[in-house]
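What follows is a single chain, given as structure tokens, in the form predicted alone.
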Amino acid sequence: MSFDQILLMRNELVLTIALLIVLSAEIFLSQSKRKLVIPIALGAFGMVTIIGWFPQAEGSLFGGMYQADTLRWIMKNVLNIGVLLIFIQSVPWLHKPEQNYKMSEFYMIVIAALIGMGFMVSSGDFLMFYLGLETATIPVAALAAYDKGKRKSAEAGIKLILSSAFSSGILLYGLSMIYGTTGSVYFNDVAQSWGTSQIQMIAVVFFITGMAFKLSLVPFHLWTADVYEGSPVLVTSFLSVISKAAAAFIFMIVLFKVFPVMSDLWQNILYLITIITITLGNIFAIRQKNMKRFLAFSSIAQAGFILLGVIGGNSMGMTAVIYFALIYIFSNLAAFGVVAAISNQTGKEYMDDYNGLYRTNPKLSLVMMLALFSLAGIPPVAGFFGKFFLFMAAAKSGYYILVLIAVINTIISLYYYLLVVKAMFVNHSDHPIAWFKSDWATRTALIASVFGLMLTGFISYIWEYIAAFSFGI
């Protein structure tokens, strides 16, 4: 294996180097200098994000197990941007005295999970896919239980690891059927020999079921709200944005490239799951008062919208999924950034606590409003364009009724997003959250998210750039 071939794994290699840098800082820094881990980790990961945008060759490694192409490279860079924003938002949280002893662990666990996602996104066979998936899942369970002194956080970690183990078992059983009927785990070989036998149909159903757990699709979503509520706010944002985007991307790749012969089967399954996921996600979001549970059910509904691009089964759908993932990262991280800022400062996480927030903290209120408008799909913020292209991808394949149902649900989602806006701008409170000045890290992350919300929708080159490499999928 030549050096040029090794560089095909550039993203995973630089992530590993960043992890080792943080680990070295943890080992060699004295207790009095422990907080230097934060700028070291931010600097290391900032370099990872910058290096990720350097041009990269295409090719494969390990006999085709690892695939490197421009589309996967773009997706990895999208994930890196999201993690960098999360790392910036984590600064005030990690500066708390109770986090000092484990701040380096936070960075190392997130980077380790991201390495797993990188291998999963670049997988060319089901073995690499499964190894990447598990490498990404196990660290995330540790993140959910990060606040080990809190019962809810420990409960969140247990629920996540148990549900992940169950879904992995179902997924692995489906993969064993795929290998048993084709004699191969390579995507290309399986696609060439795939038929329409009953056991192969069951294998596809098991594969979709296993991935539905990872994506929080109804009826496999029951773990989501409890895990999101019990986890630290920034861990919740990582779960709802980064892990979901990576899983959606590889889910789409596998369905398109490996199971095109059974497109009628998996499209019919996803048709029903899409309707149920969007509808129930919206209905349950209306009833939530805790902001993390509120955004959890919102993310379930958003996962349903992502399926509109998947079910389209065309290159436009692939482009729409990646484009929406980028917009969703900015939208959700802006919303979670405000929730994290208020939670870190006051410990308040309920919607009623936001009553009268605009009078005391107008800038945070405006950021939250823009983020919620983007999640709802209101122009001119980028979320409108993201959902528009998802609708177009589904409509292009003839799913007009599904698009109509999705549009109706968009109107429903507008109602519960406006409940938060109403609380901040209209509702009166005798004891609103007092004014506080956000630290530089929070301001930087929120400003970057807001710029992303405004610019990604209006810079058409972003869509065109992704579409140029999605053609032919």
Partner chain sequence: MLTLVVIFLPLLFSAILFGLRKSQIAWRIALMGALAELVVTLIAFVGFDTQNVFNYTSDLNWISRLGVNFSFAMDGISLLMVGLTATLVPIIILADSKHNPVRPGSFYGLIMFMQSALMGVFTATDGLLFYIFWEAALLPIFFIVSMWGGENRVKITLKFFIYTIFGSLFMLVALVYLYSLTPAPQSFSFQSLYALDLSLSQQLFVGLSFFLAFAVKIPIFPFHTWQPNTYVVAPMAGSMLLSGIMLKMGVYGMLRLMVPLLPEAMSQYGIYGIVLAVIGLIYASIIAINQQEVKRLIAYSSLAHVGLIAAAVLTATAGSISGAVVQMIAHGVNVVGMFMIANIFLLRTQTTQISNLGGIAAIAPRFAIFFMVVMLGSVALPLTSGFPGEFMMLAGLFAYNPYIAAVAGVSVVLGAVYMFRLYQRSMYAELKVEKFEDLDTTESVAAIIIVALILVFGLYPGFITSLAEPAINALLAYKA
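Positions refer to the first chain, counted from 1. Predicted model only: the values in this text are computed from it and were never measured.
The same protein has a further form, the form predicted in complex with its partner chain, not shown here; the description that follows concerns it.
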| item | value |
| --- | --- |
| Non-hydrogen atom contact Met316 with its partner chain in the model of the complex at 4.5 angstroms | yes |
| 4.5 Å heavy atom contact, Phe28 to its partner chain in the model of the complex | no |
| In the model of the complex, Gln56 touching its partner chain (heavy atom, 4.5 Å) | no |
| Exercise: Thr410 in contact with its partner chain in the model of the complex, heavy atom 4.5 Å | yes |
| Segment assignment from 31-39, 440-448, 44-52, 425-433: heavy atom within 4.5 Å of its partner chain in the model of the complex | 425-433 |
| Contact check for Met369, Ala395 and Glu464 against its partner chain in the model of the complex, heavy atom at 4.5 Å | yes |
| Single option in Gly180, Pro380, Gly347, Gly195 placed near its partner chain in the model of the complex, where near means a heavy atom within 4.5 Å | Pro380 |
| Proximity to its partner chain in the model of the complex, single hit among Lys152, Arg359, Lys102, Lys159 (heavy atom within 4.5 Å) | Arg359 |
